[in-house]
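We begin with a single chain expressed as structure tokens, specifically the form predicted alone.
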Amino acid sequence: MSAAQNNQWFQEIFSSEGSSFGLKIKGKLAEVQTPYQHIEIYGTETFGNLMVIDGCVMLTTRDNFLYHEMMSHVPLFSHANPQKVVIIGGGDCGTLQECLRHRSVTEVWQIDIDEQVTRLSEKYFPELCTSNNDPRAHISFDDGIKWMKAAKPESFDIIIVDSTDPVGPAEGLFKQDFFENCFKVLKKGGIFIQQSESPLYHMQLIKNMHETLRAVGFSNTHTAPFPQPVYPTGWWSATLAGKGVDLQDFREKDAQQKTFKTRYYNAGIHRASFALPEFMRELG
């Protein structure tokens, strides 16, 4: 993938698939080269602010709620009593905020290698960072792979891998040894979820994730697709894995009577995320 821009448009080009996605921009608001990646912030005409990392669209003001709500509420309502959550990545803090809406949650650890993602989010996406000072929130700027390797066995109920694409700093988050460590760190009945790219463009990656997650010991896996207009194809996914728990057996009544507002997620959306198109059904 590559990026192109002029005075009016930011465009992310997917040469291998012969497609692109663009947003009309008002101007560049910030640009930072960190030891890990190149981060840009743009103001757009219709999608609010836009964050780009290494030429790839990460989030916009207008549609980030789709991703953050699905990455958070699907696993948390699928767990019998989620209390301890760790987020690997998630530096924009949107997933952290959604997790902390659950009253049962006693602590959420956010481990992102690049502090600048969070600092830029605090400035340009402040609506995602309102829970950063919650006493249950623990924000650490560290290597998530090393952090997970060193974490105490059976110490978390939920692991959320809210990462960039599987290249650069995030490449190791899609490998077997990382999944093995996640399985070790989860308590029995725990749930793992990871963003898993576009079902239309990345089915082989998704298949590999299912095979590897089951190989390291997870009892069942499922990929939940959802819309995400600013990502490749406009259709994204998250892949879940359960440690001795049926992923389809979610707390439907609690989801129906949730004590907080959402813009996309509800019990019906949760249930529907387990209805797959024919070409995805083989994933199990």
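In this text, residue numbers run from 1 along the sequence as written. From a predicted model like this one, the values you see are computed outputs, not experimental measurements.
Omitted here: the form predicted in complex with another copy of the chain. The next part is about that form.
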* Does residue 217 reach another copy of the chain in the predicted bound form, with heavy atoms at most 4.5 Å apart? -> no
* To do: Using a 4.5 Å heavy atom cut-off, state whether residue 259 contacts another copy of the chain in the predicted bound form.
  => no
* Does any heavy atom of residue 36 come within 4.5 Å of a heavy atom of another copy of the chain in the predicted bound form? -> no
* residue 278, heavy atom within 4.5 angstroms of another copy of the chain in the predicted bound form -> yes
* Structure fact -> As a check of understanding, the residue in 240, 52, 66, 245 with any heavy atom within 4.5 Å of another copy of the chain in the predicted bound form should be identified as 66
* Asked: Pick from 90-98, 178-186, 193-201, 153-161: which stretch has non-hydrogen atoms within 4.5 Å of another copy of the chain in the predicted bound form?
  -> 193-201
* Taking only heavy atoms into account, state which residues of 15-49 are within 4.5 Å of another copy of the chain in the predicted bound form, ordered by sequence. => 16, 17, 18, 19, 20, 21, 22, 23, 24, 46, 47
